[in-house]
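In the form predicted on its own, a lone chain appears below as structure tokens.
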Amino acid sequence: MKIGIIGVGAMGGTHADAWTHTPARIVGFVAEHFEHARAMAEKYNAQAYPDLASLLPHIDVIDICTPTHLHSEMVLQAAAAGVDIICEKPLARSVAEGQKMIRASKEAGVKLLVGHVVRFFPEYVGAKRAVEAGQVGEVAVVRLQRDVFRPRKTVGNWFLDFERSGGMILDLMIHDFDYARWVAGPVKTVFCKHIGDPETSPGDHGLAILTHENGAISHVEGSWAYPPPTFRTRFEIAGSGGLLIHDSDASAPISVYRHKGGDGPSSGSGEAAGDVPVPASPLLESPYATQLKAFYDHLRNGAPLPLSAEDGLAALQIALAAIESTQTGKPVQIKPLPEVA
């Protein structure tokens, strides 16, 4: 299986490393700047290509790790070329774009897989399985928390451009919107409050309340307001028969989060922070490798996956509803999307 990767930033590099844990072979890279693609190609014994069109004839699968607003155009181009697609989350910048991407992939007979990697983190998978096994009874309240530092690319920081990224709510909180839906079922309404403007302030923090169709409630907190290299997550799943808890900081009896001289590391931490928050894992295998192994097995052997392109679209719809709620100050109804034929 020949893989092409477009986008060689933090996520492109993470995916490239993850592919080395599969039998697939990376054959080419495309980047906004050709010299960046060439550097990655040298590292992985591949080739650099000037654009997506020149790469597509040489690959079986394109792995799209570009800014969100570019996903739709690239998926449509790959589908037209008959190439299977892996697309980083969020699926698209709008629901209409996402629907068009899914439709084009189905019409072309190609796979469209969405990189919601949280569904491959073992603690989240374990909690999902525990819920399915009835260990907490009927799910009533889900609390999800994801607190990181603001992406700080020195040049062309598209994360801080709302039109391109959708901001913190779409880029970060969508992870937990997807997980809440996976655990507690379809969402009926979304109410969200948000503070901060990533272009003018160092803090950007949101809290959303999801009401699920079965009556369960999810509280989802997301933040770009922490100092680097912070990436902390936490969840609680409470039901009629028990409670599940995960806290990424549980191994540290005391954690201090203090901004130190702008972009310096938080107090007490010797870790260096990258430009973009990427979750670390104490496991021998990165969840990104676990995810791409599963994608490889699905593409090669038809093995089942824990998510579909339609799941990626549903998470996108919830995130965009949360953004709308912050703008109107009112809850937003989630309307059922028509099935894409």
Partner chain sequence: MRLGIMSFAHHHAESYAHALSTMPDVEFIGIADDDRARGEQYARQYGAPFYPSYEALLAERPDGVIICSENVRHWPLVELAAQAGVNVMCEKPLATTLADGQAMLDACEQAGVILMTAFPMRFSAPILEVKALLDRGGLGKVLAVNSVNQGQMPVHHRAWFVDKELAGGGSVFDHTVHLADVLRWYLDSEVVEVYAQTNRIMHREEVEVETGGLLLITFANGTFASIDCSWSRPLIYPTWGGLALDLIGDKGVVNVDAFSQNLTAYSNTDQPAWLPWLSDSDRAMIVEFMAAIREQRPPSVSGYDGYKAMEVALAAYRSAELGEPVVITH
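Numbering follows the first chain given and starts at 1. Quick caveat, the model's predicted, so the values are computed rather than measured.
Note that the form predicted in complex with its partner chain isn't included here; everything after this is about it.
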inquiry  = Residue-level question: is residue 229 within 4.5 Å of its partner chain in the model of the complex, judged on heavy atoms?
reply    = no
message = My question is simply whether residue 191 lines the interface with its partner chain in the model of the complex - judged by any non-hydrogen atom within 4.5 Å.
response = yes
inquiry  = Residue-level contact is defined here as any heavy atom of the residue lying within 4.5 Å of its partner chain in the model of the complex; does residue 214 satisfy this criterion?
reply    = yes
query = Taking 4.5 angstroms as the cut-off for heavy atoms, does residue 245 touch its partner chain in the model of the complex?
reply = yes
query = With the partner removed from view, which of 221 to 229, 105 to 113, 118 to 126, 68 to 76 is the stretch that lies within 4.5 Å of its partner chain in the model of the complex, judged by heavy atom distances?
reply = 221 to 229
remark   = From 83, 180, 139, 172: within 4.5 Å of its partner chain in the model of the complex by heavy atoms is 139
